[in-house]
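Shown next as structure tokens: one chain only, the form predicted on its own.
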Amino acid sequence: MSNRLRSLGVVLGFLGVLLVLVLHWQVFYWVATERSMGVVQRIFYIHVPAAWVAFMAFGIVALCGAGYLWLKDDRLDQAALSAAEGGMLFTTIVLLTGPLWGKVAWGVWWEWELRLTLTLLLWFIYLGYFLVRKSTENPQKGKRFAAVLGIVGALDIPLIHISVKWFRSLHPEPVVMNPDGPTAPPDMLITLFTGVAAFTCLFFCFFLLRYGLERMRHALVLREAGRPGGPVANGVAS
């Protein structure tokens, strides 16, 4: 990993932490309380940005997986793996904050309604992504299996989005990606987009640093096997 990418990752990490602090100030002291749901609605500013970033991460997995199947470039597989780990992290945040919100709004921790079920399915699909990588003694075959699963899993994302429009659901309808335009007040939208920016910066910080570690691991494996895998200088793969 080049020093430039590593430095960019660190900068994004600091920016993400700063934006998270701003987000918490907005959530607790600035944004208005939603009338119908009250204080519990403030989970929205964590729950929704985490979902958006998770979907973006799995989109990167699918694109890099498709590129890997076509070009057989290990760097694309390493990028897909790094994005998948970030996607799993943010999907876990979604699945933890959702029940906290649902317990107050619906009176139960979990309802098997379509959007929740499809999101849980997404988490299990990408858990399978990591499992299939180790399911065969041939590493290249495992990477191909994972790439295919990463592409198939991404097809679940648009279904999650449209589920509340096409089917009866307890889940609130979109307030931003709405055909008639955003329905939330300006202060809520500003707070929401602060959360999206914060989590996006944190994701790309994680992604760049994790990708660098994967590149270094790959170079070391090739060196031990006696094959050229790119220079390793000062413990960092270029």
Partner chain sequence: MKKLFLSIVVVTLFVALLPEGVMAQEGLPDPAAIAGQNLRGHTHMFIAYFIAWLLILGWAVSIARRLGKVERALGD
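All values reported here derive from a predicted model rather than from experimental measurement. Positions refer to the first chain, counted from 1.
The form predicted in complex with the partner chain is left out here; the points below concern that form.
Novice: Can you work out whether the partner chain is within 4.5 angstroms of a heavy atom in all three of 38, 42 and 45 in the predicted complex?
Specialist: Yes, all three are in contact.
Novice: Quick one: does residue 118 come within 4.5 Å of the partner chain in the predicted complex, counting heavy atoms only?
Specialist: No, residue 118 is distant from the partner.
Novice: Spell out, yes or no, whether the shortest heavy atom distance between residue 86 and the partner chain in the predicted complex is within 4.5 Å.
Specialist: Looking in the predicted complex, residue contacts with the partner chain include residue 86, since a heavy atom lies within 4.5 Å.
Novice: May I ask you to state whether residue 71 is within 4.5 Å of the partner chain in the predicted complex, using heavy atom distances?
Specialist: Result no; residue 71 lies far from the partner chain in the predicted complex.
Novice: Using a 4.5 angstroms cut-off on non-hydrogen atoms, would residue 206 count as touching the partner chain in the predicted complex?
Specialist: Close contact exists here: in the predicted complex, residue 206 approaches the partner chain to within 4.5 Å, heavy atoms only.
Novice: Please identify the residue among 184, 63, 197, 213 with any heavy atom within 4.5 Å of the partner chain in the predicted complex.
Specialist: Here the answer is residue option 213.
Novice: Let me know the one among 93, 125, 132, 151 whose heavy atoms come within 4.5 Å of the partner chain in the predicted complex, would you?
Specialist: Going through each option in turn, the one that passes is 93.
Novice: For the stretch 108-127, I need every residue with any heavy atom inside 4.5 Å of the partner chain in the predicted complex, listed N to C.
Specialist: Contacting residue: only 109.
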